[in-house]
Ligand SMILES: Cc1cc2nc3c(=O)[nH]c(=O)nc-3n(C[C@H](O)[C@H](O)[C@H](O)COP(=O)(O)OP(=O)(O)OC[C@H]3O[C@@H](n4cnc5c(N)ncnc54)[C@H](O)[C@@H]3O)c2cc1C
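In the block that follows, a single chain appears as structure tokens, in the form predicted alone.
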């Protein structure tokens, strides 16, 4: 193959597709390789993290970064955002102080105001003064008997619906309702894939496994890299390693050293009886990895709920966090986790872990104990650069000329990484300086809601999940 692409991107996860789309909107020709038959397969995400309120142990700086990046991504993929709030609480058994969370929220409100001053279109989480609301014990007692509202419009209506099913006597007060929204993986994947297929500047190669990369930068050729698949060799000038937890595999083949952790996690799909009104996402904080780790209940359409329980018998796994070693760049999972990553879950384990998750949530929502298994787990492995497992913000490294390694931990970092790569390409002269930098992407804007609805449901079903998981709880107007 004689064609030379400006950029070759390995990995069609959320980072890879956003990089490809951002390049394509500027007319930069690129080719994207994805080994599955569709893009954005994992690890799963369900929450926008516009403030980092699911992580009481991370720094305020990480919280600000998560807020900024989440707003940017929500503006890019508005059809994937579920505009319902999140209930944040601390069980009485846990060490965290509500006052510390309040202090962080005040900081985030101030920062949110700064982001809106920079660009009024950043106001996607409602008015800053409504970013969160505190509910003391007396407030909860006062609203618990209010009529159920099928489609809540106010914070009090959301809280009233939630507190009818939550045993708040087990929680420290106050509890908090915050404008951290849901984020639908299937809808983002659908919009991205439709935009990539419609683009004239991006060639999307699904069902394509990259077998090798050859560095030909010193051979005086008219290209810098050769990306090898089973049947073809593709020539590119700039290489992006966006292969998620497998990034170390290609670093090893290029004799590049880097420290990293990779972690396997799973969430569980449950089906519950109908309840009268919508509820927010429900968070019950706890120390990660202990028997009292965080419980997270994420509502979907048609009475489906996704559950995270940050314990080793639910979301986390024994030997699920592994680190690179001195003699190898790519960490390796054990055989059991590799089997799960290849979609070979033991049926009994799925049932057992889902039922553990249901019982875990049932400690705080007693009626939820009647929920049943609703589908296969949503799972995947994420990379964490360095050696700090608590890190939640990751971006990009440039280990050598004309080579970028995406190191995102949360999906919200994808646009930041794309912009950093474009800046690096400009600096290296791979592309000319762009005079029309813009935050929106016309390729994504052209995709219709109807087309997203159709493809997102198709992707969910193809991957073995209920089609309802592709729908928004709060439909767009």
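Residue numbers count along the first chain shown, from 1. Just so we're clear, the structure is a prediction, and the values are computed from it rather than from any experiment.
Here the subject shifts to the form predicted in complex with this ligand, a form of this protein not shown in this document.
Tell me, out of 378, 166, 76, 178, which residue has a non-hydrogen atom within 4.5 angstroms of this ligand in the predicted bound form. When this ligand is considered in the predicted bound form, the option within 4.5 Å is 378.
Select from the listed residues 104, 340, 265, 271 the one whose heavy atoms reach within 4.5 Å of this ligand in the predicted bound form. Here the answer is residue option 265.
Looking at 57 to 65, 430 to 438, 26 to 34, 445 to 453, which one sits within 4.5 Å of this ligand in the predicted bound form if you count heavy atoms only? Single hit among the candidates: 26 to 34.
Any chance all of 52, 286 and 364 sit within 4.5 Å of this ligand in the predicted bound form, going by non-hydrogen atoms? No.
Is the gap between residue 411 and this ligand in the predicted bound form 4.5 Å or less for some heavy atom pair? Because a heavy atom of residue 411 falls inside 4.5 Å of this ligand in the predicted bound form, the answer is yes.
Tell me, yes or no, whether residue 469 is in contact with this ligand in the predicted bound form, where a contact means a heavy atom of each within 4.5 Å. Residue 469: no contact with this ligand in the predicted bound form.
Would you classify residue 46 as touching this ligand in the predicted bound form, given a 4.5 Å non-hydrogen atom cut-off? Contact with this ligand, yes.
Is residue 308 part of the interface with this ligand in the predicted bound form - any heavy atom within 4.5 Å? Residue-level check for residue 308: yes, a contact with this ligand.
At a 4.5 angstroms cut-off on non-hydrogen atoms, which residues of 3 to 26 are near this ligand in the predicted bound form? List them in order. Residues within 4.5 Å: 10, 11, 12, 13, 14, 15, 16.
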